[in-house]
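One chain follows as C-alpha cells, the form predicted on its own.
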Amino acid sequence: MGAVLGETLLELTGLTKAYPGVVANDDVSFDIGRGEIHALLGENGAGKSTLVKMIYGLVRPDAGQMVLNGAAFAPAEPRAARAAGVAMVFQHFSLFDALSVAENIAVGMEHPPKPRDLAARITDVSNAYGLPLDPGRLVGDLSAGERQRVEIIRCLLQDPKLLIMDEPTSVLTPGEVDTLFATLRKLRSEGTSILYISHKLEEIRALCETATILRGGKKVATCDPREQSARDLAEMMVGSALKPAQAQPGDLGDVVLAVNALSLPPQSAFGTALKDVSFAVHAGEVLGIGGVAGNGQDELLACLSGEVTTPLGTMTMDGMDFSTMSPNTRRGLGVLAAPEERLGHAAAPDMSLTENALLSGMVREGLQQRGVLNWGKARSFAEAIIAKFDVRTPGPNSAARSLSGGNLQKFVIGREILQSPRVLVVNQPTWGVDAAAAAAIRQALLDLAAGGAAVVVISQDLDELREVATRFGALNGGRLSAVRDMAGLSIDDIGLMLGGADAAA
C-alpha cells in the first residue's frame, strides 16, 4: 500500500528550539505521510536529535506546532507521545542484561499483561514481522541484532502510528539489515509511518521514499532519495563537495605493535573471553579488525589500553613489553586508545571539553607539572582539537554531554590523534558520524599511519575497513582469524571470516 496520496500523518510547522549558544532547530517545517518511510538527514549537530526528541516528548519546542492525525500534538513526556501512537527505537539500547526478553518489554509498558499472555504476544508479533524472539531468553545472552529486535517488538506491541528509528543498522550484520528492511516495508504496507535517521546513505536510497535534510538547524531540502546519488545526498547535508579519504602509499616499516597469545577470561557474566589472539602491526600500517558486536572487541581494546591488566600473553611496542603497565604509563610511551562508548567511557559526560582533554592528554601533552595542573595549556589543547576536527560546540567550556553524538566522537578521536601516538587503537571510530566527518576521521587515521604510527581500527562497518585497512582480521567468539591482506579479499571472504570459518585455531 505504502503512503496514501494526500494523507498526512504528522505535520510539523515552524518548530524552533534554542539552547545557550546554539539554535538546535530553526523554523523547521515538513510533513510525514501515512504509510511513508521518511528519512531525516543531516550532519552531526544539524538538529536531528532535538527534532525527534520534540516529537517524542523529551523536549518542549520554544515555538511552532505539531499536528498528528489531524489533532494538535504537544506531548509533555514520552508517555503522552506513546499514548498518541508515537514509538521510538533509540540508537543506544535501554535493556537490562539480567532480565529476560519478556521482563525487559514489560518494564517499558504502562500496563503490562500477565506474563504468560505477554510471552504469547511477543512470540506472535515477533514471528509475524520476521523478527523471531524467545521471550524467556536473558537479554545478556543476545547478540546486538537480537537486542534490537527486543526494542522493536516493544514498540510494535504499542501498535504505533509513527515509528522513529535512530541509526537502526549501526550494530547489524548485512543479513540482519535485510531482515530489518523487510520488517519496515511490511509495517509501511500496513499503514505505519516510519521516520528513519541514518548516516548510511545507500540504505536511505534503498528504503526511503522521501528525505528531509537539515543543515545548521534549518531545513534545506526535501527530495526523493531514490532519485539522488549517495554523494548528492551527502553534499546537500554538508553544503559543499565531499573529498573521500585517500591513503598515502608508502613502504611499511618495522613491527611496532606485537600481540602474542593474548587470552582473557570473561570479565562479567555476559562478557566475551579472548582466546589466544595474536597479530602484529607495522609502522605505516592500518590493521582492520571486523566482527559482529559482542565478539571480543571491547575486551581487546581494554587489554591494549591498560583498562584490564590481567590477561595472559604478551603485548609489546617496539620490542618493549607493556603488558602489565598502567594506562597512563602506556600513554606516556605512545600507546593510545579510543573506546566505542563515547559518553561515559571515552568522555566524562558532565565534565567540560577542557577537562576531558586533560583526562586523556595529561601525560603525553604535559598538562601537569609536579602535581599542578596547567589549565591554560589544557584549554589550548581542547581548542586545538575543536578547530582541527571541526567540533561543533560553543567552546571548550561546554560539557561533553551537551554535544551531539557525532561531534563528541570527533572530539574523542581528535584528542587521541593530536597526541601523535606511536600506536593508536580505535573501536568504531565513525559510529554515528555524518559522511563528511567520517571521511575526515578516516583521512586523519590514514595520515597518522603515513607518518609512521601503527593503527588498529576495530569496526563493524565493512565499507570503512575496506577503505582504510592495509590488512584485515575478524573476531568471532573471542578468537581472531588469520590476518590477511585487504586488497585480496572479497566480500564473501570477509563474510566467512566474520562467521568464524577462518578463525585461527
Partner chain sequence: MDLSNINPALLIAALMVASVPILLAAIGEMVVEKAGVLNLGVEGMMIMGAVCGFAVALTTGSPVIGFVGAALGGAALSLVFAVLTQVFLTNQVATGLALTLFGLGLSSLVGQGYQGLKPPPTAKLDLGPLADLPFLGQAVFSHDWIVYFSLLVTVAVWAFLKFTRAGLVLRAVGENHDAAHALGYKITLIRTAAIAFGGACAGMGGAYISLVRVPQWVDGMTAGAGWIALAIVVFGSWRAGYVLLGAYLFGGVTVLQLNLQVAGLAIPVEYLSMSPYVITICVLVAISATRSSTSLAAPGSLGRIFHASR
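Numbering follows the first chain given and starts at 1. Nothing here was measured: the structure is a model prediction, and the numbers come from that model.
Although not depicted, the form predicted together with the partner chain is the subject of the following passage.
Put simply, S94 is close to the partner chain in the model of the complex: some heavy atom of it is within 4.5 Å. D254 falls outside the set of residues with a heavy atom inside 4.5 Å of the partner chain in the model of the complex. The partner chain is not shown here, but in the model of the complex it comes within 4.5 Å of a heavy atom of A98.
In the model of the complex, the partner chain lies farther than 4.5 Å from every heavy atom of A63.
D141 is the sole member of E209, D141, E202, E383 with a non-hydrogen atom lying within 4.5 angstroms of the partner chain in the model of the complex. Note on the partner interface in the model of the complex: the residue among R154, R342, R331, H282 having a heavy atom within 4.5 angstroms of the partner chain is R154. Just one listed stretch, out of 310 to 318, 188 to 196, 82 to 90, 389 to 397, contacts the partner chain in the model of the complex at the 4.5 Å heavy atom level, and that stretch is 82 to 90. The candidate spot formed by Y56, V107 and P112 is fully in contact with the partner chain in the model of the complex: every one of the three has a heavy atom within 4.5 Å.
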